[in-house]
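Only one chain is given next, in structure tokens, and it is the form predicted alone.
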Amino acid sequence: MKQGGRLTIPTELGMVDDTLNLIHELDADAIRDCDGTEMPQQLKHCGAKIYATYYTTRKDNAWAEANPDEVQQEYLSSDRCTADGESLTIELLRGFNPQELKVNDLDDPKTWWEVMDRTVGKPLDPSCWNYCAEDGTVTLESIPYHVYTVSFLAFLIWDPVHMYNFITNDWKDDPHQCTLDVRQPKTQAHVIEKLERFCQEHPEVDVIRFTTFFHQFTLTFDDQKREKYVEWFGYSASVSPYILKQFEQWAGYPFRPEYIVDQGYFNSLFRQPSKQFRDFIEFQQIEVCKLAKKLVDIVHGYGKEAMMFLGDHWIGTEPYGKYFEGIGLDAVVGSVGSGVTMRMISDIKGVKYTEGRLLPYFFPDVFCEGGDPIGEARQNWLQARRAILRSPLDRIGYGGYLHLAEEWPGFISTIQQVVGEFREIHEKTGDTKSNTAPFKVAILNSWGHIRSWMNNQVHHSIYHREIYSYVGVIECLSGMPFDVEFIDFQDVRDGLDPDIRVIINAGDRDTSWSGGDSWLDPEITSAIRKFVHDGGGFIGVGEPTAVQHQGAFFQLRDVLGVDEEVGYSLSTDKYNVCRPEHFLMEDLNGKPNFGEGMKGIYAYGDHYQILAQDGEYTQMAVNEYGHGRGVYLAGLPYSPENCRLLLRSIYYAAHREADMKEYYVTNCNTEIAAYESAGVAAVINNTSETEKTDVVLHGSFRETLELKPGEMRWISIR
């Protein structure tokens, strides 16, 4: 019998009949309201599960106005200003949006702010500067031609997500929603009482969908209402004197604004995390998860489910952290923009079910003249589907304004096909796990497990030229037949899981992803060398193990068989000869795509083979090292061909080439996911063209398939 359900759709006022028709048409079993919409009264007893979007930190301006000292705060840094004399005046909010931010002059600036001489990297003594509240400036004693900044606290007087939605949807009359600091006792008691009252007054609600808990990721706008700084993983808006005093007691040392401001980088995910920033994240996890549990317990007390949106005010919950499971949530829901963001949700432990909100969101920035919501929905599904076959979500859904989707010809039939395939995956597989290689693959970086499926991202799957050559690594992996672990350098020191056979290190030099100074630790380099020498595999992408030290830039150049010319060894001749015939290249129809690639990579040692070059320099190489192997790639953007290249690289590095064709398809535009317990396999076409592919089972040819554009075909493997 064909399955239904597993689907949540949005609704809004004036769309009652349309919602009921869509529930029937898509066999949806849940409906939800969204930011800027309300649940129609007529649908509250329609038979579908009712999700209520619930805000702990906003939609309560009366409380915020009555308690201005308990509005959320953010650490900001002023412009870098150069002194041309012995005195300098800096305008704090220059370039920021005064509708979003207001300087906090309620708490003593001399205690909680810092004026930094950036030329020498030291703070000024508080006696050397003064704040003028009337014009929002700081005047300081300066050394001529030194550069200065002011790190200061500001109140978030307009919730950043509401501001984003307001601007995106061109709302006119909606009042600006302020933010509440739920961590502070008075507001905390108010929010708890308010949640109790909501649960009592809404018996029809089945699921409280917290959007989210307490601290907004960093989303700062400029004075023209453009995004100025966005860090989906950022903690700079999770601060207040109340919180920082608690941190000082917990950590045992005084807090400095610089621990958050971080020279103006605000601890971007690409920065090597300092001990103090790691401590702050740890402290925030403990406190946020403890308070979140109080709210979840209230929801459970009324017989309702508690769901967390992985977005907006999610900071401190850290679903891959040590404390998340203790919250006791029933579910997590998040936005699915790719295979990576799908795995970011579906791999979360400690909840009863996971749900993905598929794109596009029903907002007018996509459902507009020149927009392509059908194309976006199809492409989004093709990338998410290959990952779902490896680690399935329990549910999917959509969000936004239902009327936009209803008014777009052909869109509903498109998502009908998507929903049908999603249900088919669960129906055919019986929720059993797909077959994986008999070894694990580890991603090694400075963040490790806490940033699982979050590598090299600027803010949640947004394209940047500087990252697509690296995000492709985990996007490819998201739909491949490997159990993937995310490890950090401490995990290497503590001893690797013996099931790990291949380690991948991918990123630019000096970033958290490649590891930077961590590679100066001889305990790390020796452990990795031994791992490979004893039969393991090491794959480097971009500038792996890169830090200048003792005559080498790639500290594991002996393992990788390559190093990077940074100008110091130009006088040493290099003789690089490309020999592209190799196991890694067998399925490729053309030249590999390395994205931005790298310059100055040259071969090193006696056991390398260069497989691809850019002029005189290397773009791909393999290397024998003891009983193990190294593989180097200059970059790996996501594409079907690069998925195949990485697949082959991993099996080759692991010395397990023979295992690759246990379940295999010859056309790299197609993939296969086998479910041995269910006796079936899904063969998928990841393109918008018709594709032919040979199916290989247990090393032997089974059949040839012709797949329609985007088709998913089920075959028996018994």
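Remember, predicted model here, so these are calculated numbers, not experimental data. Start at 1 with the first residue shown and count on from there.
Missing here is the form predicted in complex with another copy of the chain; even so, the following discussion is about that form.
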Close approach of residue 467 to another copy of the chain in the predicted complex, 4.5 Å, heavy atom: yes
Partner contact for residue 120 in the predicted complex: another copy of the chain, 4.5 angstroms, heavy atom: yes
4.5 angstroms heavy atom contact with another copy of the chain in the predicted complex for residue 114: no
Exercise: residue 94 in contact with another copy of the chain in the predicted complex, heavy atom 4.5 Å: yes
Location of another copy of the chain contact in the predicted complex, chosen stretch of 503-511, 127-135, 311-319, 331-339 [non-hydrogen atom, 4.5 Å]: 503-511
Full three-residue contact with another copy of the chain in the predicted complex, heavy atom 4.5 Å, for 172, 204 and 491: no
One residue of 274, 417, 432, 548 in contact with another copy of the chain, assessed in the predicted complex (non-hydrogen atom, 4.5 angstroms): 548
The unique member of 413, 168, 87, 82 whose heavy atoms fall within 4.5 Å of another copy of the chain in the predicted complex: 82
Within 263-295, the residues that have a heavy atom no more than 4.5 Å from another copy of the chain in the predicted complex: 263, 265, 268, 270, 271
